[in-house]
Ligand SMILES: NC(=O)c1ccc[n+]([C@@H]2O[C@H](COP(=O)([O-])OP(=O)(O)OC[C@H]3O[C@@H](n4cnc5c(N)ncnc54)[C@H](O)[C@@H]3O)[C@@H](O)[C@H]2O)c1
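In the form predicted on its own, a lone chain appears below as structure tokens.
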């Protein structure tokens, strides 16, 4: 099948590569020439596990191309996916300008076609967006919905870092449509995906991502709060949650139930905020959902307090992106921690091998410019250099390359935000953010040599 994908960010790039892998011919559309050039050179626009090989293979097989010409893309395809961003405003409402702009472009392309065209909204949007997109396409094309074209909602359930695996093996394939023809086409598109195909009402499909992500956000905070209580009682919180997660019938999923650092990224903060805003607009009181962000901010403050408690001025942050295996800095919680410590006079150094300053573009670049404009002075891709220059090492992403840090740097203070180690025999000082001490070495009880009398300025 011939498919066009509007937007070549995380969702669009992964979708283009995976659909090509499934045997479809894909045309990626983006207004940024640089991203188009990358795809046409057989290179991905993002850093993500397995994506480089998929894009290269699709390009070599002639199954994937990219263009800035939206009319060309619509004319030469039967299905168009909308995968552009939907950033949220300060009050939680979504900015749908990119969605509507693409809808108008697709409508202009459909005006020049005689065949039936299907538009699929893959971006995360609130209920009612599908209807509005249909109205814009009708106006731009002069054609009738469900006669000349239709609009379906096909939300994605991808996690950055494992998005290719999630695309090819999703929990479900969800389609919201009022068109039997569109349902049949999407069953054909996804026929080789080993997941239940669920076809439902459009508005049901539109709200599912928000419900899912708000629940995922809740699970992370719940695990952290349990961990913080257990830590004060000298109880191993990971053993508690491991047993808790054995109940697969009621507790649903163990994935997010791990005490650790605050959540971040492009989805959980934005989508939980959007659901809170939606409830507020509908005059519905949701005290638990409203408390999620507050608890998440407390977890950030807890990280700052633990780092400050070490009394050492030189701090090394190991991992800047919000999650291991990605270069996404959007709403990365450690950035807030760095910002606070930097403002208090700490000497900061950062290691992250996935974040390349020269390649920061779009939302990543805007976010860093607003939060850490001096980033280029303190970030490095040399792990040993950062560790040697730091007295406190803060592990923010679980990575194999950090596994031997206690052996290589026995005199450091280690602050673990992700449970990098299950147990530890370490001469230096170790502290986890939300679990009781796992360090069995008595040498850790030696008083810390402090070089800061106070951390308040």
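In this text, all values refer to a predicted model and were calculated from it rather than measured experimentally. Positions refer to the first chain, counted from 1.
Missing here is the form predicted in complex with the ligand; even so, the following discussion is about that form.
Contact check for residue 271: every heavy atom lies farther than 4.5 Å from the ligand in the predicted complex. When contacts are judged by a 4.5 Å heavy atom cut-off, residue 11 counts as touching the ligand in the predicted complex. Taking non-hydrogen atoms only, residue 158 approaches the ligand to within 4.5 angstroms in the predicted complex. The ligand is not drawn, but in the predicted complex it has a heavy atom within 4.5 Å of residue 86. Candidate site formed by 30, 35 and 98: every one of these residues places a non-hydrogen atom within 4.5 angstroms of the ligand in the predicted complex. Stretch-level contact analysis of 101-109, 182-190, 383-391, 281-289 against the ligand in the predicted complex, using heavy atoms and a 4.5 Å limit, identifies 101-109. Out of the listed residues 130, 123, 77, 237, 123 is the one that sits within 4.5 Å of the ligand in the predicted complex by at least one heavy atom. 209 is the sole member of 258, 310, 300, 209 with a non-hydrogen atom within 4.5 Å of the ligand in the predicted complex. Interface residues of 54-79, taken as those with a heavy atom within 4.5 Å of the ligand in the predicted complex (partner not displayed), are absent.
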